[in-house]
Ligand SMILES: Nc1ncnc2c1ncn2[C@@H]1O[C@H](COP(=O)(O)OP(=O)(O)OP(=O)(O)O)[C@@H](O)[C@H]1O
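Before any questions on how it binds or moves, here is one chain, the form predicted alone, in structure tokens.
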């Protein structure tokens, strides 16, 4: 035993860390940050339930989280880039980078309503989506599988400057412990349980790569699965992206000091910051929607315009082909073009120049809500 947890020597003599099943911190030690996080997420959850347009969680907020959670790991794809990549044009400044971010968003869509999978199966399913089409053949071959080789990270306090996560030989057993802990139900706060579960997952590092993205995506999915929230909306990617050093150091300190109260406070602060920013976006998004309805109310009752307005709100970057597929394939190109041009004349839409004949349209009022960077996390 060294510090907090078990260090096992693998077949090449490397010291690999196996995290313990974490004990819950005293609630008095985390209460302030926990309460702020709980209230912020629950308020966001309630607001999503009454929002007049469906699919807003996955289409917008999960995609924003995918951009930030991936950005915390070094990707450069922006929210605007992701939306454009996911149109029929499939164009991006860095296609491989955009593919990875889009895969994170697609994993959310696929797993948000998957009650039959265990948490371990969910983790592997996310990893499979992230890496199944990777340009690196080795990464693609390992998609959706537990790691076969030790993984590690630079750590000046560790021997040879590298900290090694759980050894491959122990990973399956460690994940079984993680699964049991994550799935357990009792009267203790679920948000605290998922904070501890996330700490444990990140120290196991069960898959070859992408553990940060996989682990962060599991948080909203787990809270939704366990009926703590109506929507999978407890995101933390944005706050992690903006406060990566705080996040990483808090994870490490839990291991070094065995104090998971400090980690839980940081985790809750990150959750609260992201939920508050997203709630503000949601309120502004509803104002945009009501304005759009006002400027299009003169359109005929059966006009395509009325179907386009809510769709554009959650799909603010699209081509005419995308719109026809979503609204109705039986609609003529001319009918869709006329409806889109009407929205363009009101300022709802703007055409973007492309190098192809296929035209790309954006809704600037929506995109501006999701592209800016939020303020940094205040001290806990």
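As the structure is a computational prediction, the values presented were derived from the model and not from experiment. Residue numbers count along the first chain shown, from 1.
Although it is not shown, the form predicted together with the named molecule is what the next lines describe.
Contact annotation for the candidate site: 212, 248 and 252 all lie close to the named molecule in the predicted complex (heavy atom within 4.5 Å). Note that among 293 to 301, 202 to 210, 84 to 92, 226 to 234, the stretch whose heavy atoms approach the named molecule to within 4.5 Å in the predicted complex is 202 to 210.
In the predicted complex, no heavy atom of residue 289 sits within 4.5 Å of the named molecule. The shortest heavy atom separation between residue 106 and the named molecule in the predicted complex exceeds 4.5 Å. The named molecule in the predicted complex comes within 4.5 Å of a heavy atom belonging to residue 73. Of the heavy atoms in residue 119, none are within 4.5 Å of the named molecule in the predicted complex. Shown without its partner, this chain lists 153, 180, 170, 284 as candidates; in the predicted complex, only 153 has a non-hydrogen atom within 4.5 angstroms of the named molecule. Checked against the named molecule in the predicted complex, the candidates 188, 257, 244, 145 yield a single residue with a heavy atom inside 4.5 Å, and that residue is 244. For the stretch 216 to 241, the set of residues having any non-hydrogen atom within 4.5 angstroms of the named molecule in the predicted complex comprises only 216.
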